[in-house]
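Considered here are two forms of the same protein chain, supplied as structure tokens in two stand-alone entries, structure 1 and structure 2.
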Structure 1
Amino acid sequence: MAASPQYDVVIVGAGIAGAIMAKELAGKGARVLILESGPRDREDRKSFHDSYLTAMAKLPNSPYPPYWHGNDPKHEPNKEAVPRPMTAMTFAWPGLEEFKKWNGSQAKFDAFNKQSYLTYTATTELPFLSTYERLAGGTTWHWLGTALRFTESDFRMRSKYGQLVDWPITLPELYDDYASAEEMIGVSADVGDQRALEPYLGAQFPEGYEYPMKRIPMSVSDNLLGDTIKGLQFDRQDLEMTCTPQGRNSEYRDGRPACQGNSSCIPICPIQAKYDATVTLRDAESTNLVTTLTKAVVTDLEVGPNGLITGVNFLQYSGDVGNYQAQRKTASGKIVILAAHAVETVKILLMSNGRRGIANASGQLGCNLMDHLCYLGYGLSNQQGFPYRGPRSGSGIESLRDGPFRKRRSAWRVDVGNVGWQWADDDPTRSTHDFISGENKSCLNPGQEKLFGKALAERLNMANTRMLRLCYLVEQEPQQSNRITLSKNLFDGLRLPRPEINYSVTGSEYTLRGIVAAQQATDLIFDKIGANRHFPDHRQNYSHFINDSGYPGIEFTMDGKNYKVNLYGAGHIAGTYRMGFTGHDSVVDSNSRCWEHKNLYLLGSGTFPTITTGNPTLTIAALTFRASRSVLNDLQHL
């Protein structure tokens, strides 16, 4: 069955792009084989949720296999069949001062690389901060659910602002595909809320458009912050709080319940009120035209004399760490679609043709690696907003996603968290330890008080019910030098090369100016909140530079001022096989088809020429709908 030639299309990757593609194709009668490198959940998310709840560090990867806690040689990335980057792996990255002492030492990098799936060259100044999953359903298992459309300017940065690059596609061309994506994911939003942003972002919807479901109500804390920032301006534009379009149910829909506010969207929705790609995968399979093989790791593609892909080679493995059995197999179809994520797709292409790579006439394959660089601003409000209730994030400041300032600095949106300082400071855990043991790691207990009884509960309540956390998703400039290649000497458990990354941020003044703006906007907001009423000897803005390992940071000078900031990943991995207008400067065309291989499509945010100011999943889905029409058309002619 595995190597059957009976398929019209072979799709690599059972995440959102692969699943939507499979469903669209099978819906039109095509026979589809999906090859998924990871396993499939047969325990109905119980063991995943159990892993999450019992994890000391509740990180995006915590629920999912393979598990890694940074200290178990048995599970090092060279032992696992399908390792992937994990936040825990960056815990070994030194604080900024210590990193300076590394001074490019290869030995230091080698030691780090041993425990990290992503390996680094010594010219790197920052580890890549984001992660993804390798299992059926892909990274939508741990996505947040934010389903924003990109703005018109996002697609036209070069023509409009003279910065970055244009996409070979415009927003109105994607209207229908955005609508299809919103329908399939099940997006809850009020189009009126979004249209209110038109003065800042331009039109994002055609006339008469309505979202599939009503909006999810904003939280107490979102509403409080919205009131607080009313009237504030930054870069001559209003700061405005907007209810976020969310891929979470606001009603019972197709057998899945409405959101219950478990507040754990990242990394897992225990009740599947949040969409994940397993929903679409099952729909695709219910056509009886889609076969999914799991634990099938693609090693390379075979190319025929005319440039067409003639075979997909993969290893089907079984067994456990240290004891894998793998069989070499080949699958073929008229069309091959790589939907394996921005890093893994690049790996497959680079491993092909005897590891000399394919699809790379432009020289852009693996380049322009981007993320939203996250700047965390956090502090206390003077009023109780009661975080840790509701979806993990349900609102954002979207009014600064576009504007004339984009000529000189990168833009951002602000994801307003609903979980206090959990991301920034691991609260309420850290403050609890502090007030029991008399420490001050949270900066909330400078008097090093040791409390017990009701006084303990009251103090924790006083601090934690007022916590605010803003995450600025800063648009990162695409840079050729931020690049994925194959490691020559580091491998995974199936002896496939691990990715090698060269990654830096300080080379882009455009990006850095965006980070500076984020810091300034945070100050502006906390100035408005005013003096700290409940902890009178504290400042209101608790954001500060942390120089510890596990907190990667950068240092730079801008306009004569020195900055040290910690940066975090958004999980938005993009740019590594960008789409463009010609085959000279891009890997795929606007339909996500390879310029060089006419029966090869590459899906996912790897095709994004710029990371833009919106979270990528909705656009990944929309571009997949667009590509599916092209695939169906090609199938007629191949």
Structure 2
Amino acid sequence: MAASPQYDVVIVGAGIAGAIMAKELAGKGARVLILESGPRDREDRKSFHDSYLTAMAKLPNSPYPPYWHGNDPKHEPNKEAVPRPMTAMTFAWPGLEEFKKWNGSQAKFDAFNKQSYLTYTATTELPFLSTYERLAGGTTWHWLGTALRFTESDFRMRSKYGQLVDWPITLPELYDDYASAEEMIGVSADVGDQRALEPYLGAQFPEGYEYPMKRIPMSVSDNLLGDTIKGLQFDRQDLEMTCTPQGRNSEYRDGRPACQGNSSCIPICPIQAKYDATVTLRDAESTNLVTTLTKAVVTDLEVGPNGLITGVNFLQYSGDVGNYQAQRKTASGKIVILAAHAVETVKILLMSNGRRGIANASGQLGCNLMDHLCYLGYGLSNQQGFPYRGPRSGSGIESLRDGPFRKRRSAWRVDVGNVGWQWADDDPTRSTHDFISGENKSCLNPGQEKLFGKALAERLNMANTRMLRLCYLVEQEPQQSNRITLSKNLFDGLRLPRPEINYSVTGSEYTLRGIVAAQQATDLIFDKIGANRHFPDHRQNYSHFINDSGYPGIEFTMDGKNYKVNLYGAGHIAGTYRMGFTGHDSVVDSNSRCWEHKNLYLLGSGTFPTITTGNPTLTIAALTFRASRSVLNDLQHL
């Protein structure tokens, strides 16, 4: 039965893309229905924040349902209505040497897949480590807030460097949409900082542009690092430290306070100084032209004989895990927009047409799954930087995002952390355990001393106040073999198939050379800052390879040298329904309209032909503004 009344547009997903699109369309008088698979925050962040405070591990998913704080309660995606990737599943993935013993064993993968929403083929060499949320507001609940524009070269990789592919749009074509996105999010930054990078990155702004709010100043540790690396070069380019454009308030704005430096931006900003999409969703709903149905899981799309989408089938559920009641419904509109993220959007399309799939004449649907591969360089500075004062990250080294080196290796930006070694080595937990028990897993207790009282406090202070972590977000080459399909035998609590992923890294020499360069840059930087020299055994390596469960790794040989590297996900899931110049090699056009179904739009980073060198959220928003004009034009002719 079709939902009534008839809507002009049906949007699937209430994250940043869905919320912006709904607001733009309603502003022009369109009637919009949003279908959101997950629940809605109805307690002004309180329950989510309480969950974060009581969670043992402060993971990106920790505040949000379905909850998993270790194995209590156990994560059971086969019983949950809206399971999603859990950061905690990383802990179930074996270390490199143990994974080698799997040797492609289907039984080993089956055991892992049973407890993981994202399931894997036996040819996978690394888990896909990024996550997303299925609730109103989407993944902006736990995004870091980094709001960088892409560079002109990011859109022209094939033309300029002979690598990867070109986008069907250019940076200047997105100038106005980037400005709209920065205003919507409320980006705090100084355009002068960004213009200082023009010798490396090219022009990213039209003349006279200013950000909505002034920048958030660098932290103590950021200033120390910036001063220390002045004059250093890598690949014949300066290492330049700058304040990062951030989607958080530097002043009171739109009813939200200025950032208070809680440093818990991932997984949650307790005061909503950091933007999340519930802000825009409320604005859209205030027009009285936008209706949002939560706990509404889309199962498939109906296609008419002319190729137009005629219906959106969904299950509206209630109840608890293991005891769901679900009612099957259908919604219809002149235009249908999937804004359900790079994994869930693919899943909906593959489940359509009797699970034979739609929108895949190009053969690219679900392919080219990408992320920024995170290589963590971490060590101890010879000066106290006092992390945890300010946002989780507010500065970075951006000058290596572009350059002639991209002809031979992938690029990266360097996110400078402000939470010590929390991500890199589970600190201060691991080092505290070492100092108390006399172990040295952190490599900070080479004498394996057992400390207590004043000696323990002094050692912890010496270590934690000097901890420095660099995250290299390495550009990953799109590969058709890295893909999402539907599991044939694993389902969720609504009996919908779970995503199956095939994912590898070592097949791309271009990507691996970027990882090697990240290691080499770390050596250069940490040699300058005197990493670990104040410890009894200063020969102890920083950024050491960890061969334990929960620290996924790869091994490869490059130019006669063997490498073992731990890699992590950035939360930047991209590339599964790429945009392109024609329908022969892409799924959508430059306006995010599906080539095969003229009233179907696909939003989000799944449209990215390449992962580029910037965090994706700002560009997702900009592309949504661009697509909204095309949708409004189509509404006049359908």
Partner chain sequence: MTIEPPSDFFDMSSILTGFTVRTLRLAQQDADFYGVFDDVYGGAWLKDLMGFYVARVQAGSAPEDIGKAILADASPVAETARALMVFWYLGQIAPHDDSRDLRIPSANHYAQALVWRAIQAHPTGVSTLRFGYWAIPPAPFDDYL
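FYI, numbering is relative to structure 1, first residue = 1. The shown structure was predicted, so the numbers you read here are calculated from the model rather than taken from an experiment. Definition used throughout: the rigid core is the maximal C-alpha set that superposes within 1.5 Å between two forms.
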Have a look at both and say which one is the form predicted on its own. 2
So that I can tell if L456 moves, could you say whether its C-alpha shifts by at least 2 Å between structures 1 and 2 after the core superposition? yes
Does G208 move its CA by 2 angstroms or more between structures 1 and 2 when the core is aligned? no
Given a core-based superposition, decide whether the C-alpha of P305 shifts by 2 Å or more between structures 1 and 2. no
Core-superposed CA shift of G447 between structures 1 and 2, in Å, is 2.5
